[in-house]
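Here we start with a single chain on its own, the form predicted on its own, put down as structure tokens.
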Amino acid sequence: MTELLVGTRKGLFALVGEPGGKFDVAARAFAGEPVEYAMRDPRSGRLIASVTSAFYGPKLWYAEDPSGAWEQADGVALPEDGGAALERIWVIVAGESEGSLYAGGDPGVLFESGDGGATWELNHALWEHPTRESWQAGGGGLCLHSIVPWPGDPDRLALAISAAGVWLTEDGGETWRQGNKGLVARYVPEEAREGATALCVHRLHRARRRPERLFLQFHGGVYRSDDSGETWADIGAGLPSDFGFPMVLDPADPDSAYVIPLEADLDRVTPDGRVRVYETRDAGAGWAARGDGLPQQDAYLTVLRHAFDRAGDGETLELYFGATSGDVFGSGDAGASWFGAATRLPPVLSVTASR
């Protein structure tokens, strides 16, 4: 049985089912409120959700069951004398230490928990970084949306911030440095690209079996790094568009990546009215379209950065994504074929899968 936690503009939906058929709505929580992201901690089974209340602002909540009682986490706040407001919590990620979790938000902030998500603390080194005054917000705000631990090493972490680029630490977040060499901001005038700081990364992932390899979806470009994020090479050739948001890797294959291209930054819909997921199994040297079972005519869908996830790996890899149309699609065979998992949900903001 596979569980999908689907964050929408009108609440959290817990869907359960088997690959190949419709998924049932097992529970709904936070009715009427935007749920930016929700995940199940693979170590404890605890659920953590980011909810942006129109009255109380962004909060983190945790529960043992999606249909049970949710408790509000403590410590999710910015310093009162900092002159900035917390706008949104974009993502929650399990760390490498027991009970550790990370949460990233707007304005470019990182929170850390050591007790499974009940209490949180702000990472002050990133918050007080001397370059912060030069950081620029992307279209969705100054969002820290990607948090990428290093398997087996809790001190090494990579982050992506829109539009402040990639950030790296090797000392558990005590110090941070940028890792942006090779990224090209084609959305700024050519004469201003050298040394540009407004680097709008859309998504960042690490190859689990080759952790020095990272894949990145940029605001115009798909990139790969083979030196832990120090330098980047563009691998977007062969895609119908190299603009997009979501990305998934197969943990069993360090040469794999899946992306869902969108037409362009000013036309954020699937190209040519066809819904296709593109797969590489050679680290970006070539890409193959995977659309069997997906809408292939007059389908202009938008898939957001956190609305694409996977369960399992290798021969048992399942893929799932949701669209702002309220549709959720899945594949039980690593993208070779697709099925409709759910329809008529509110606009989908995020999807996480587990089994």
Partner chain sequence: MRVRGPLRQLAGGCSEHAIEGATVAELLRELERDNPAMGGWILDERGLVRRHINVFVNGERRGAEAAVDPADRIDVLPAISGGMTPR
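It should be emphasised that the depicted structure is a prediction, and the values quoted were computed from it without experimental measurement. Residue numbers count along the first chain shown, from 1.
We do not show the form predicted in complex with the partner chain, though everything after this point is about it.
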Using 4.5 Å between non-hydrogen atoms, is R88 touching the partner chain in the predicted bound form? yes
Non-hydrogen atom contact L78 with the partner chain in the predicted bound form at 4.5 angstroms: yes
Mark Y62 yes when one of its heavy atoms lies within 4.5 Å of a heavy atom of the partner chain in the predicted bound form, and no otherwise. no
Looking at the partner-bound form in the predicted bound form, is A84 within 4.5 Å of the partner chain by any heavy atom? yes
Note: exactly one of T119, T131, Q72, T231 sits with a heavy atom within 4.5 Å of the partner chain in the predicted bound form, namely Q72
Residue among V328, L294, A29, L304 with a heavy atom within 4.5 Å of the partner chain in the predicted bound form: L304
Residues in which of 274-282, 148-156, 88-96, 255-263 have heavy atoms within 4.5 Å of the partner chain in the predicted bound form? 88-96
For the stretch 55-72, which residues lie within 4.5 Å of the partner chain in the predicted bound form by non-hydrogen atom distance? F55, Y56, G57, P58, K59, W61, Q72
